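There is one chain below, alone, in structure tokens, taken in the form predicted alone.
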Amino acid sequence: MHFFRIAAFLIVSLNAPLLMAREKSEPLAVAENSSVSPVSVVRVNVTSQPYDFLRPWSKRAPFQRRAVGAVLPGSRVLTTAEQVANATCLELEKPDSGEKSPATVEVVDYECDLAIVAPCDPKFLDGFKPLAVVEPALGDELAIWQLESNGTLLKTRAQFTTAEVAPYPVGDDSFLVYRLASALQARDSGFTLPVVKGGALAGMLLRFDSRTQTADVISTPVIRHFLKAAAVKGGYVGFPSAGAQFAALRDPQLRHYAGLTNGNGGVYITRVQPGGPADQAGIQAGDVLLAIGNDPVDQDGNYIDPHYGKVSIAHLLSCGSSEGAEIRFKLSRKGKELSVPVKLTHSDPSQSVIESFSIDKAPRYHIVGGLVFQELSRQFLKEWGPEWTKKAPERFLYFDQYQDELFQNDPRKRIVILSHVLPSPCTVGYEDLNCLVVTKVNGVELKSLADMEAALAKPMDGFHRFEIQGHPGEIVLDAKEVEGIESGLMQNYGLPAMKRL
């Protein structure tokens, strides 16, 4: 189980009934010629080519996608991280004239799904009107901006109905999301779109469900936190977390066990990340979190936000604080109340045993005689398609879900796997082996794929011996034969190299 930010999901409903767009006499979308008012959006055109994690030496076929980016002060453009992921070609396009400029990604955060793009020509956005960032209120009528193929600006009405903490699409993290009701239709610009209130940016479209006509939007607090962190001279640092997990504390028996006799608030701390902020502050599993700062925590893990009502404390920690900020936790431990200062820090996903995502970088691999070795990652598991949580190898899914418990005291940094076998003279009889954990090579324990090269330099009696979990338990290859077929393997399978470490 991963160390997510403390999170509990709660939908905040409007008291007044939602007036659906179809009940209004005016049209849902209003088209405007972009030349009528100062332009505040541009197209973001991307050619993307992700790596193939089943064949880590190659890439998948390139594809193109278009989006609408919001122009920011300083000749910068805000878009989603998904839009620029694995980009091989990135350009900005003016909606009225079609003029284009190559662009680069200045800052990207896949956890909050946001990116800042800058044109290579610093004068390209001269004359554009930057969008200020504004925080909408529940019930506000917003507009989702799209571009027609001819550059005409199309504004689709959207009603801001709820605010909740929900998972973002790439990483393991959950942040505040705006839920909008809107009859949005597909356009040439795709579904990475600005959401606007009164000519100011109120969010970026995260996803849209055409069946229910609901849109999830990256919220203003998330955008503001991202932009503030991106402006720090020392380099971008992501959103902070406390490094703890919790469970709701509704059960009277559990409350009695935890030593709570008064009140009905608080959540039960179930897990503390070793070495994380909560652990360093002395917080223990079994403690009850009663308040964060001056905000009481209810039994479901919510607090009262001044803008959105009941919201998960995940929002309070991630967007209400910054890297290195100290915040006081009010706890109950066996009936005794404690006040503990916790210094929040960002948890780098690349430091996990199994990375939650691996984007914009090539996967590591090492091919030995036709045996293809890699490091287990979430990106590898996602090669099983949209239902990867059901179709990927069960043992790997188990490792991924419970990695913090399984490898808490394990010195390894990565899990090395035999992903599959390329048929060769060395691998006769091994062709059907795949998705096996490799523990040792030539007697050397593998803590990452980087250990393999040194281990292969010392064959055992002229043979390479690979110890694996599961049948057949061990694979043995002749070291000289492995060396002799390398050029043939590269030619037969179109390999650019036998390893990438």
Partner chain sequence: MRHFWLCLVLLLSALPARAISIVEVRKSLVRITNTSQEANYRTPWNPGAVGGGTGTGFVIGGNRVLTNAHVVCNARFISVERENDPKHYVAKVLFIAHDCDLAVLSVDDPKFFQGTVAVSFTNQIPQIESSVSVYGYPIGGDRLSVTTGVVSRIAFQPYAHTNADSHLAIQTNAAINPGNSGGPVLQEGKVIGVAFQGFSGEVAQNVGYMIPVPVVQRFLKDIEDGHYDRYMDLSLTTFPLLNPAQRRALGLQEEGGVLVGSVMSGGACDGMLKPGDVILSIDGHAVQSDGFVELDGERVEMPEVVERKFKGDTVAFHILRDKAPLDVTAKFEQAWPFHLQASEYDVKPRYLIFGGLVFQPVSRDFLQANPTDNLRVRFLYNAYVSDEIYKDHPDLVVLSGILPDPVNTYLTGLRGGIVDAVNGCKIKTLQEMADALAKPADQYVIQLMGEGRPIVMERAAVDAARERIKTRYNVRNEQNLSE
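Note that the coordinates shown come from a computational prediction; the quantities given were computed from them, not determined experimentally. Positions refer to the first chain, counted from 1.
Below, we refer to the form predicted together with the partner chain, which is not included among the displayed structures.
Not one of V44, K129 and R333 places a heavy atom within 4.5 Å of the partner chain in the model of the complex. Residues within 4.5 angstroms of the partner chain in the model of the complex, judged by any non-hydrogen atom, belong to 382-390 and to none of the other stretches in 302-310, 339-347, 138-146, 382-390.
With a 4.5 Å cutoff on heavy atoms, V428 counts as touching the partner chain in the model of the complex.
The shortest heavy atom separation between F463 and the partner chain in the model of the complex is within 4.5 Å. Interface membership of K100, defined by any non-hydrogen atom within 4.5 Å of the partner chain in the model of the complex, is ruled out.
For the chain shown alone, K361 is not a contact residue for the partner chain in the model of the complex, no non-hydrogen atom being within 4.5 angstroms. The partner is absent here, but in the model of the complex a heavy atom of Q401, alone among S322, Q401, N264, Q284, sits within 4.5 Å of the partner chain. Checking L397, A183, A231, V133 against the partner chain in the model of the complex, a heavy atom within 4.5 Å turns up for just one residue: L397.
Scanning 248-270 for heavy atoms within 4.5 Å of the partner chain in the model of the complex gives R250, D251, P252, Q253, L254, H256, Y257, Y268, T270 in sequence order.
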